[in-house]
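Below, in structure tokens: the form predicted on its own, a single chain.
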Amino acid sequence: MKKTETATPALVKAKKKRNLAPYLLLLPPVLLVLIFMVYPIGYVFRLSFYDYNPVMPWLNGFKGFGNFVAIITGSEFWQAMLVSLKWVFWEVILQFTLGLIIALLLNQKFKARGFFRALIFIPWAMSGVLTAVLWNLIYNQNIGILNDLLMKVGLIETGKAWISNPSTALPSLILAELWRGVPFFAISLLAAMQSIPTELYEAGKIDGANRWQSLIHITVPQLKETIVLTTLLRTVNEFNSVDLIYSLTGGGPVGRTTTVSILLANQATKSTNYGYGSAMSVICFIILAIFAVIYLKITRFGKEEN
């Protein structure tokens, strides 16, 4: 009886240590998330209710919803939003379509398949600034390879300034970003295709299904979760895209490539009106959050089909 009494405190202490260990292991990542994510987001929300300009500190102070009213009632934000919607729509649609085609091709058995799978990853591994330098050389009016090829085949007579022309600037940027974004869909969809049971295709052949019918009734339904997740992630990513557009056009010419993200970047680097920019960030955050919830609800992400 005495042995049991003396052993009990030690057992309780050891049990407490075991229960505490998982929380101690989780503490470093939790602190990192709080420091580098939660605090900055909270600070942006707080700053959105203030006038804050480090260049003119005497004008700083609480403004309430003034920044939000100025953004919503002004035309600058909505013009940039329209450009953002065009940008996101064409990027996600084209990237997904080409990515699916490439994934289907790379899923076939042929020689040097591993080499081509590695090759398709290269554009995705390049930074946005480096991609901008590359496409700036391609689009160059005097020495660009695009103008050279088009002149050789007789489609144009003189070189064109593709990213300086208001009518061609946005399509040119869409093409450049398309080259960089297609590998994301190709790699993600290809990885998902590897998990599709071959028995499904064999059963389809027995039932007389051709390749198109197998794609529509087997491949695409099996890729549903991956398609929903990748399109959502890419939509958010493209909506927030800054590096390529800023490096190539800076939002010009005459605002034709000024997306909301570029407008935000200009607020930070040129106007230094951080309160106004923070309010714009909050509005974009709310818009993306609402879109994500509705999109996941409509697509029934994570729910099995009946």
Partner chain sequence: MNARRTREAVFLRWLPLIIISIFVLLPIYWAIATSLKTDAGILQRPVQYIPNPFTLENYSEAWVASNFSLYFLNSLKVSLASVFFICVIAIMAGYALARYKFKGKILFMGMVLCIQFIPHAVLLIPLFDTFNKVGLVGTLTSVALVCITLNFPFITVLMRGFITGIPYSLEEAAQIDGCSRFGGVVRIVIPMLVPGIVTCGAFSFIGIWNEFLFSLMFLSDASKYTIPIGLRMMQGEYNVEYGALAAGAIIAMSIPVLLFAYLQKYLVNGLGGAVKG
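No experiment lies behind these values; they were computed from the predicted model shown. Numbering follows the first chain given and starts at 1.
The same protein has a further form, the form predicted together with the partner chain, not shown here; the description that follows concerns it.
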Item to check | Contact test, all of 56, 68 and 169, partner the partner chain in the predicted bound form, heavy atom 4.5 Å | outcome: no
Item to check | Among the candidates 190, 173, 227, 92, the residue which, in the predicted bound form, approaches the partner chain to within 4.5 Å (heavy atoms) | outcome: 190
Next on the checklist: Which residue, 81, 209, 236, 218, is the contact with the partner chain in the predicted bound form, using a 4.5 Å heavy atom cutoff?
Outcome noted: 236
Checklist entry - Where, among 111-119, 83-91, 69-77, 196-204, do residues come within 4.5 Å of the partner chain in the predicted bound form by heavy atom distance? => result 111-119
Next on the checklist: Considering non-hydrogen atoms and a 4.5 Å limit, does the partner chain approach residue 298 in the predicted bound form?
Outcome noted: no
Checklist entry - Even though the partner chain is not shown here, does residue 96 get within 4.5 Å of it in the predicted bound form, heavy atoms only? => result no
Checklist entry - Might residue 162 be said to contact the partner chain in the predicted bound form, defining contact as any heavy atom within 4.5 Å? => result no
Checklist entry - Does residue 214 reach the partner chain in the predicted bound form, with heavy atoms at most 4.5 Å apart? => result no
Next on the checklist: Going through 236-267, which residues have a heavy atom within 4.5 Å of the partner chain in the predicted bound form? Please give them in sequence order.
Outcome noted: 236, 237, 240, 242, 243, 246, 247, 248, 261, 264, 265
